[in-house]
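In the form predicted on its own, a lone chain appears below as structure tokens.
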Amino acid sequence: MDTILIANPKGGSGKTTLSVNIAGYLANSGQRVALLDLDRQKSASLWVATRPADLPEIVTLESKRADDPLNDCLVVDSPAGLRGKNLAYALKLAHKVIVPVSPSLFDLNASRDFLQLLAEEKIIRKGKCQIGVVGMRMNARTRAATALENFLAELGLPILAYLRETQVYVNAAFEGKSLFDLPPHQAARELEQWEFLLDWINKD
């Protein structure tokens, strides 16, 4: 089962938004998807619980069906403060790690430290787990984006997407939907921003 870990120790970085939309994409691609919600607020679990029955199914890992070995993908919405042994264990399970970063000075500093920590992990150094970064609520033509790109260039890590701040994500989440469950015309601009990120997810 391929596992995608969404991780950033800073709260409010956009982990849950990214997690549910990645799960929604995979489910709409015909994959059998489980979602593991490790966040205390359990927002991703609530999203799954409110998901309409006529949409492609996503199960939570706590459910019996999620333990089925026939699941193709697992998306892990990690908690704030993920470090130490918990981080090392999560990385052993993951095939890919996506780090969402918000555009404030404090978020950039916290994310910078976390990415440096990830780069030093043995499993990352051996190339067994890939890392990518997503700018959340961030425009590519901003000072924050430039600062992030300069730092990531030093680590050799890719920017997978810049996802703008929009009510499309909020409104879809209220209905238990992802961008990929909406009619294309309702999220055309947002879907364009996901193209490189999706290509990266689909690469072996």
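Note that the structure is predicted; figures quoted are calculated from it, not measured. Don't overthink the numbering: it's just position in the shown sequence, from 1.
Beyond the structure shown, there is the form predicted together with a small molecule, which is absent from this document and is the topic of what follows.
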Next on the checklist: Suppose contact means a heavy atom within 4.5 Å; in the model of the complex, does that hold for all of T17, D39 and M136 with the small molecule?
Outcome noted: yes
Checklist entry - Looking at the partner-bound form in the model of the complex, is E149 within 4.5 Å of the small molecule by any heavy atom? => result no
Item to check | Partner proximity in the model of the complex: L108 to the small molecule, non-hydrogen atom cutoff 4.5 Å | outcome: no
Checklist entry - Taking the shortest heavy atom distance, is R164 within 4.5 Å of the small molecule in the model of the complex? => result yes
Item to check | 4.5 Å heavy atom contact, G11 to the small molecule in the model of the complex | outcome: yes
Checklist outcome for this item: Only hit among A90, L118, C129, A80 for heavy atom within 4.5 Å of the small molecule in the model of the complex is A80
Checklist entry - Which among 141 to 149, 50 to 58, 166 to 174, 23 to 31 is in contact with the small molecule in the model of the complex, heavy atoms within 4.5 angstroms? => result 166 to 174
